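The form predicted alone is given below as one chain in structure tokens.
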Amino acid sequence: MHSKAKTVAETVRTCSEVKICSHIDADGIAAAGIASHALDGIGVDYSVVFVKNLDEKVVEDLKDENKELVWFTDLGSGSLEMLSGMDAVITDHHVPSFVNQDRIPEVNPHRVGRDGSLDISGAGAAYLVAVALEKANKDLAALAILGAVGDMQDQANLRLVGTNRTIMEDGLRAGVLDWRTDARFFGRETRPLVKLLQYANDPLISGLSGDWNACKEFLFSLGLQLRKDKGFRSWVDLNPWEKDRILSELRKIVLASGQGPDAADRLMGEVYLFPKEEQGTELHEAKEFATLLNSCGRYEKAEVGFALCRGDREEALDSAMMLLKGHRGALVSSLRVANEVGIERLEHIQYFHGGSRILDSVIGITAGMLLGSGDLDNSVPLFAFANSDEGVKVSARGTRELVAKGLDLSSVMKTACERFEGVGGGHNIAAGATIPNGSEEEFLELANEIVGNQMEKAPI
């Protein structure tokens, strides 16, 4: 990948102007931030566009602009057939759709036998090019790790692995990144302790997850003070003794519920911190910062998240916080709609259709939250549909256990979309597609068949 990054860097360096085209999620926004910083460093002008999908219309619009070079970040490898004839480079980590016959300079872990859902993110791939352009760009390692965590690359092993760890070391030496083993709860910087436990779902904590009153009583029973001078205490306000006491009791609860030691081990893992940001804010810890970026991109304000990655801590931060508030409300509404319409079951998959009641930009997040809630059967993947301007958005989510048994949702999406002339791809555990209106039933039949075949071929 370093060799490929040098090739991309050499191509970029010869240009006077570059168009950055990136995905709207946290990884894509961080990747665009890295690319823009790198181009600034070598004096190359740039402009940026963020897209939900790299479809034919987007590609045609880019071709019509006739820019000297288009730099695709966190996308492109799954759409090579559409990019034929373009002057482009790609830094991506999704499963490639075709052999790169046009020999577009490309950094992608799958091209060198690495798993793009674990080894490096789209932001990480862009980072390799940035460092190939100038070694001083190693201070961009924080954005690369932000993208990896936003893409949940730490979930499977409770820590980042592979090339990500090399990037982590760069960030540590540059003074922009730190990490430690601690509780993995989301919201450790900003959520009050009671809410922190209430929304814990990896693992689910029997008798506590989802129950605010039970969480409050649990913390009181441990003799913990929940308030501080101004507001409520969060996880980062606790001393080591208090943290150990909580985690010890939670581990007992998880084990007593029958989930086993592997589930209990998921209470702790690596957390990634940005020491130059203020502690106790959404910017100090990677999961919360990534959620802030997602709240921008999912509501067509990716440029706000991009400004955050560029260093804006005034107007952009205020706007992002407003979007985050709306994002949380939209997710609550989406979960309610999903529960109202109900989950349907086929032999090898389950699904629901949110219609126009769930935003297509959050349907994937909603599916992931449902599958991890403990209320659904997680022995089969979940497919979720929502109407969009381009047709019907379908997002699929699986589990680590299903992937180990042979599930590959990226392959499902690509194979199914070939029949419907749709656009699809992603990772083995999470993937998405856009299909024509009215084709949902046929799509589900085909997806059910493909997933069934994948599971049957799994090694015993």
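Note that residue numbering begins at 1 and tracks the sequence as displayed. This is a predicted model, so every value here is computed, not measured.
What follows is about the form predicted in complex with ligand C5P, which we do not show.
**Q** Just to confirm the contact call: exactly one of 274-282, 87-95, 129-137, 170-178 touches ligand C5P in the predicted bound form at a 4.5 Å heavy atom cutoff, so which is it?
**A** Of the options, only 87-95 has residues within 4.5 Å of the partner.
**Q** Is there a heavy atom of residue 37 lying 4.5 Å or less from a heavy atom of ligand C5P in the predicted bound form?
**A** Close contact is absent here: in the predicted bound form, residue 37 is far from ligand C5P, nothing within 4.5 Å, heavy atoms only.
**Q** Please run the contact check for residue 83 against ligand C5P in the predicted bound form: heavy atoms, 4.5 angstroms, yes or no?
**A** Because no heavy atom of residue 83 falls inside 4.5 Å of ligand C5P in the predicted bound form, the answer is no.
**Q** Is there any non-hydrogen atom of residue 381 lying within 4.5 Å of ligand C5P in the predicted bound form?
**A** Because no heavy atom of residue 381 falls inside 4.5 Å of ligand C5P in the predicted bound form, the answer is no.
**Q** Does at least one non-hydrogen atom of residue 429 fall within 4.5 angstroms of ligand C5P in the predicted bound form?
**A** Output for residue 429 is yes: heavy atoms within 4.5 Å of ligand C5P.
**Q** Answer with one of 155, 291, 388, 350: the residue that has a non-hydrogen atom within 4.5 Å of ligand C5P in the predicted bound form.
**A** In short, 155.
**Q** With the partner left out here, which residues of 275-311 have a non-hydrogen atom within 4.5 Å of ligand C5P in the predicted bound form?
**A** Going through 275-311 in order - heavy atoms within 4.5 Å of ligand C5P in the predicted bound form - there is one hit, 298.
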